[in-house]
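For reference, the chain that follows is the form predicted alone, supplied as structure tokens.
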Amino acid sequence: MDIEPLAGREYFPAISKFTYLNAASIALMFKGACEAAVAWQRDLAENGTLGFDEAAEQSVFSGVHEAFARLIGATARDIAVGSSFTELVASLAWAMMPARPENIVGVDVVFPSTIYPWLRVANTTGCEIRLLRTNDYYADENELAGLIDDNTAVVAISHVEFGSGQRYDLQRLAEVAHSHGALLAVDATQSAGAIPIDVSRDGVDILVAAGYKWLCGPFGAAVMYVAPHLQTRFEPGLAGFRSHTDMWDLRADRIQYRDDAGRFEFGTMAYGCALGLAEAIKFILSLGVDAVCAHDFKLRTRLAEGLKQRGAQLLSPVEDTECSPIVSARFAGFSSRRLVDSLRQQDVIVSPRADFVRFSPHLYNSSDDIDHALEVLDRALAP
């Protein structure tokens, strides 16, 4: 069965140049996102504050607040914008500052930036870091839940693991965390834009995502959801003039934090990146994240079946409740780096990760892309 792209080259011009199956690394950017980011820079260069005045700067994040809130089932007041995922999580970790005898629970194969900010705080406070030891990149959710106890302050996980593509049951983990008085902090960088998320339904406390992967936005912008019951509980680890309830009341002798997630927004940034991310999220909303997910999973199934036919060992889960658009495969007797280089020479773009190859198709890909990648892989695997 042919699978057509949800969005063609008029929105993603780069698909005319190569077969790009690498959204888990850097997705192709939505053309409208690039145009919005560049337009802001150009206007700033040519007009300074004539266009980007104080009122414009104060409201510059409103578009991405509203768009990301719609994407995850929240409200605009629940969203904060930053320059990067790590920046936002670091501010949160220092805000919470869990200390001995508290612990942070995570997984040993998570992307380092998901846990490093918590580890940095733990180095100061003596908080324990508990990382589940996985079996060949697979995490048993029962074992993960078993690490959570009454001393757990935060369960810090990725919704989808960057390596294997394993997806966790957020609602279940939130219920376990909350039963012990802990919070669930989720890295949605590898799921937002490709998999439906409902933070209210699932009971997620914190959710953070970078914009340049499945959201198809630019580098330089990330978003964080803070549940309403937490928005006035913590003093941000990073504070600046944007954190204040009136950002243009520029007195240095006091700080009165905003009473929403915006208290985690602290200073100036390359604002055009946030404008671009807003456009990218709006585009995904126009397609429907359910439609994007269904499309990406069809491609995933076709790809996984083709890889298995070629003798690959799949590291990615096969159960619908655990899988994602990421498909990671190991080829006995072949270097992952060499295979990736061979594919790249034929304009098929994927990523090497440790001893396996990671494929990650997205909304701009088609069944022809999958079939072509498998054909090129055949030549790379040929004796």
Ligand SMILES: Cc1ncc(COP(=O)(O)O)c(C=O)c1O
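Keep in mind that this is a model prediction, so the values were computed, not measured. Counting begins at 1, following the sequence as shown.
FYI, the form predicted in complex with the ligand isn't displayed, but the following is about it.
Of the residues K213, H295, R167, R263, just one reaches the ligand in the predicted bound form with a heavy atom at 4.5 Å or closer; this is K213. Comment: the ligand is not present in this chain, but in the predicted bound form one of T152, S243, T86, Q231 has a heavy atom within 4.5 Å of it, namely T86. Contact annotation for D187: at least one heavy atom lies within 4.5 Å of the ligand in the predicted bound form. With a 4.5 Å cutoff on heavy atoms, Y138 does not count as touching the ligand in the predicted bound form; it lies far away. Using a 4.5 angstroms limit between non-hydrogen atoms, F111 touches the ligand in the predicted bound form. Shown alone here, S158 lies within 4.5 Å of the ligand in the predicted bound form, counting heavy atoms only. Contact annotation: the ligand lies within 4.5 Å of heavy atoms from the stretch 188-196 in the predicted bound form, the single such stretch among 169-177, 235-243, 188-196, 73-81.
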